[in-house]
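Okay, so we've got a single protein chain in two different forms coming up as structure tokens, structure 1 first and structure 2 after it.
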Structure 1
Amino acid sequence: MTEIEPIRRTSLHSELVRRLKELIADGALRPGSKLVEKDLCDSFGVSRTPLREAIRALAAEGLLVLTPNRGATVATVTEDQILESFLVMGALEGLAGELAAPRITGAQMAALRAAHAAMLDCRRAGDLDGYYAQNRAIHDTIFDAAGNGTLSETRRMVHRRIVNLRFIARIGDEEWAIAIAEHEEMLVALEARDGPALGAVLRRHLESKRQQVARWLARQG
């Protein structure tokens, strides 16, 4: 029996949204750089119509900035906006913690412990990418456990502004130790199913990250 071909029910413009997001996330399209429609059409092999729809969608999401009659540029994020975002993330993660602690399932708890262990391995191995991935998995799981889709979606919007920091951030030994200690506090609060405690730990965790980033930014101007 021949395998069923994966019919493409997706439209060109939504596919373009996906691809452009990747290019921006990977840094292939740098913040501030201009998007020339013709060039992108040629490289993607599509006409301007779906490309422009994709550009408008990304602009509405805040990833691009439109200037009338002058096209789109990749949105830039100022240092102030980064620090602002950490404050907002603190409030969101705090709420996530409060909601997650009484609701987390055994499977989610196990996933969290596994991710934490994997994160420690990554640290020992000096695997920075792996560390970020595991860290991300931990926080994702907490938001999943919170069971509030609006919260998760809101977090995604804000998180996008700070995720690119991974390109420039170097984590010092003591900073790493702090982060791991805070993560272990999270596990304790989760096991105790203590929502307020987990919320407090997460708020503190985000605040210490914010201060780390503030120091990095101050150091390199």
Structure 2
Amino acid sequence: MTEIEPIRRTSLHSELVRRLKELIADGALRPGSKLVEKDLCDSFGVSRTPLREAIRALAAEGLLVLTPNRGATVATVTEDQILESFLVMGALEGLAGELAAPRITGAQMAALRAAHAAMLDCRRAGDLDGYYAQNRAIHDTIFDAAGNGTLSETRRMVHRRIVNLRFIARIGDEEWAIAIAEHEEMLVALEARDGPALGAVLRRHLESKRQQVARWLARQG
């Protein structure tokens, strides 16, 4: 099992919920996998009572499934739900781009440029985890610049459904080139403070991802 640091912060319930969400998002807890309470308790350094409360909270959000006499498993989603989620994510990203471009600060722009450069370095080095971390940082910064809390929360909810696909849906060199080119276009639109242009490229970027995942899912069938 992935090594997990013990929890030391005071808000135990909130921290447990956050850490479990991270394990799901990072792929350490894969869709359909069963949560082993003893291992998690040992790793986090907590008793079963607060862990089970956190598990119930994540079950209420739809991230976990509770089955009588079997415990909790990570929720799975259907192919249709995945592809629908990419369509919704594209609309959310497009709106975020339209809002973010005219509002983005100099510091946020500098952070985006740095994350983009780091993302390219990770790609050249074959560091997929690093690549996806920097890619996530870029999109997070765009949503932060958009300054709309409801939009960001909706995005987090939809993102949980599709985030684990990055660990299994491998893409070819041509698809990598398209993704990186689209990121270059994002920077150009942001530099110009052009909201409609950024919104358009973000929608196209998510549609590229949706088609990529659709092709991968078809191959699995």
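All residue numbers here refer to structure 1's sequence, counted from 1. In this text, rigid core is short for the largest set of C-alphas that superpose within 1.5 Å between two forms. If you're wondering where the values come from, they're calculated on a predicted model, not measured in any experiment.
It is structure 2 that shows the chain in the form predicted on its own. The hinge between the rigid parts that move between structure 1 and structure 2 is at Val77; the other choices in Thr141, Ala118, Val77, Leu40 are more than 12 positions from any hinge. Of the two rigid parts of this chain, the smaller turns against the larger by 25 degrees between structure 1 and structure 2, per C-alpha superposition. Taking the core as reference, the C-alpha deviation of Ala54 between structure 1 and structure 2 is 3.4 Å.
Superposing the rigid core and comparing between structure 1 and structure 2 gives a CA shift of 6.8 Å at Gly71.
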